[in-house]
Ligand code: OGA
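A single chain, nothing else alongside it, follows as structure tokens in the form predicted alone.
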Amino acid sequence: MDYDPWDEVKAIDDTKAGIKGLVDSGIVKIPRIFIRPPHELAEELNMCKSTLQVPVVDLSGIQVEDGRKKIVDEIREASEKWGLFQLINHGIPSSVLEGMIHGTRKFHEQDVEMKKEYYSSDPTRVVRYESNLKLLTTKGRTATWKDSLLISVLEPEEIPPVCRKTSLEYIKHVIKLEDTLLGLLSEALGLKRNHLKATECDKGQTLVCHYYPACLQPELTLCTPKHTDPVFVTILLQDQSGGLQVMRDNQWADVEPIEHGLVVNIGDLFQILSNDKFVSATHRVVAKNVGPRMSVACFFNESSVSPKIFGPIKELISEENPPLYKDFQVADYLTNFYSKPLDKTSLDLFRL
């Protein structure tokens, strides 16, 4: 009998209970749509694991001139070599971080009937809960082992009541941290402190609250496949479960969770702004047979409906260092990102 992946997609989608519902139903093996292609699994067995440690930046000395210079230097080096670093002593209270993780768990673990009204694969919905099955399998990709709550408009009444208070409190703090971060990144590029803020590259925020149930066959699937973020900057809160990995020198390095720490990664659009001085982090999340794991990504981008044009920062361009990318609108970049062939990056499509 011919295998049709859409039968599995429809069966899961119709429940509106996501991957968590699949696990709760008592399955003994994962459905075929989640199993990675044989060449990927073979490649995985042959790939060495990196022992390199992801950079950790301590913001506690930021108010002192020497301390700030050290922080800027560390951020510059991490952004050039990794495109990713961890932040500690960043000023967001531990109670706010723990509240956000707890709110994420409460949303995903509430009664399915309560979650159903948010279940949708319609990208125009400002608040939606999904497992991304249709998008992934339409493009011939393997489905991923996670459920997500996406909040793209920060209107309090739109956010599910079960996590509304914790989400709003967290967003307020993380936007303030982003202001600080943009100042440090500006200085790391040799620009004035307010340069990046003035571009309004962080004007829009999307909060994505991921829930990764324990997986029966973690070696066969991924929670999030290898990718870069089609944004300027991402600030990620992860629980203590682990699973996030970043690529360095063609090897995967674990981004070990730091209690009350945050992960910052440079996105594609920031790589373009920096004219390749900083790199967009290639990362993924591996599946585990323990869980659930929770993480909350805050993506910073100009609005996708904005007519604003971005491109390599003029102050970084010279005869010796000509622009490497075309100017673009965020909407154009996102269209290319979601429709590009699997073997291409969107950065390639915008290179001069």
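The first residue of the sequence shown is number 1, and the count goes up from there. The structure presented is a predicted model; accordingly, all values stated were derived computationally and were not measured.
Heads up, the form predicted in complex with N-oxalylglycine isn't pictured, but that's what we're talking about next.
- For the chain shown alone, S295 is a contact residue for N-oxalylglycine in the model of the complex, at least one non-hydrogen atom being within 4.5 angstroms.
- With a 4.5 Å cutoff on heavy atoms, R125 does not count as touching N-oxalylglycine in the model of the complex; it lies far away.
- In the model of the complex, N-oxalylglycine stays beyond 4.5 Å of every heavy atom belonging to M247.
- Using a 4.5 angstroms threshold between heavy atoms, I62 stays clear of N-oxalylglycine in the model of the complex.
- In short, of 283-291, 308-316, 65-73, 43-51 it is 283-291 that has heavy atoms within 4.5 Å of N-oxalylglycine in the model of the complex.
- Of the listed positions (F107, Y212, Y170, F232), a single one reaches within 4.5 angstroms of N-oxalylglycine by any non-hydrogen atom in the model of the complex, namely Y212.
- Checking K81, K176, H227, H260 against N-oxalylglycine in the model of the complex, a heavy atom within 4.5 Å turns up for just one residue: H227.
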